[in-house]
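Let's start with one chain on its own, the form predicted alone, as structure tokens.
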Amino acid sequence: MGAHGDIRTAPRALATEAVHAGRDDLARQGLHAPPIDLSTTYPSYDSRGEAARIDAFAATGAEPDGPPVYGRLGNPTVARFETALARLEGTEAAVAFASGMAALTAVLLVRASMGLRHVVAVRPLYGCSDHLLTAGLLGSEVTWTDPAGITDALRPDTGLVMVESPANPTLAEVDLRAVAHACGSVPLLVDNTFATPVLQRPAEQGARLVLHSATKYLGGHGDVLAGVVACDEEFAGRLRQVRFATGGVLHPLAGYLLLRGLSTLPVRVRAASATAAELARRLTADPRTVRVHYPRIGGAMVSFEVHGDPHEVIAGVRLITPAVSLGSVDTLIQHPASISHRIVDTEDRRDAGVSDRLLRMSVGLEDVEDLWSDLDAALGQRPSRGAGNRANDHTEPAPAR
């Protein structure tokens, strides 16, 4: 669990963990705010002891006991964030990286080092995740399937099954417990970026690996790039070895910002989710939309397809920010077919439900009426009575597909 071990005597609620995990030792040190350790290297007059600690790390990937050794082996500030995120996800450990893609790359390299290069994956995934698997940049081979086909897609060299739920950008959901059962002994990796541990904890449903682009909700303010994998200690050791060898380390200042972001994560996610649900309800009833996607588990993401030109909607917002990424305190909107999923083959993209008319909105903490006023204006003139697709003539958001 990192350098800041679990000193709890009883289970604590997620909101309490979000505030206190990774900080349990501060009061004993006479501190209130976590310190930022910016050192790249650390002095030691015991070179024999250093050699033994490095040998131990090389053997298992376990975090070295005692003082830090070198910034690429680990950092105390980053370790606090890792401890906290593991507690929130309910796993033994977590390993942080410079980005979400660096984290996914490390997972693939761990499995490839064991001769397990085949991946079974369910679309849609985040566009760059899809590209990394499809392009075989790490020597991996992918079989795309739907959740019902996972078991049949497994091979002796399958090292990983990957799903994202709710998925980017359609917000489609899968039954994680059923998927984990279908995987058998093959590790299941769930990208939990959209849901966060506030809405779901995939490890409790059988996932061995939980991936986050921490750039998004975990940081929460649009000012930090990071990725993290929550997992068991055995897999964490291998991930640390890959991180050390490849250098995809997280900067200590980013670790500090992420730890600070976690303290407000439950409040931010729940507040933004309430606004998102209301916007999804209004969009569903609006004749200018064809289809609205909003997850059954809730969340702050809404995707919707429009009758008109989606590029005009992007150009028309004034309060909402037209930008890639998500999970910040301000509301963002983007056109996946042009940006986040542009790198995915056109037919594959459409087959996964990412239509050219789909818009993805990350709802922030603004007032719902201000957001609706901006969105209403950007959507343009309403069609005349009786025109358009009437599939949205109901008051609840349509289930994600």
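Numbers for residues come from their place in the sequence shown, where the first is 1. No experiment lies behind these values; they were computed from the predicted model shown.
Only in words, not in the display: the form predicted together with a small molecule, which the text now covers.
In the predicted bound form, Leu326 approaches the small molecule with a heavy atom inside 4.5 Å.
At least one heavy atom of Tyr126 is located within 4.5 Å of the small molecule in the predicted bound form. Although the partner is absent from this view, Thr321 stays clear of the small molecule in the predicted bound form, with no non-hydrogen atom inside 4.5 angstroms. Contact check for Ala112: every heavy atom lies farther than 4.5 Å from the small molecule in the predicted bound form. In summary, among the residues Ser99, Thr264, Thr134, Gln205, the only one with a non-hydrogen atom within 4.5 Å of the small molecule in the predicted bound form is Ser99. Scanning Thr215, Thr77, Thr196, Gln241 against the small molecule in the predicted bound form with a 4.5 Å heavy atom cut-off leaves one residue, Thr215. Heavy atoms within 4.5 Å of the small molecule in the predicted bound form map, among the stretches 179-187, 163-171, 249-257, 274-282, onto 163-171 alone.
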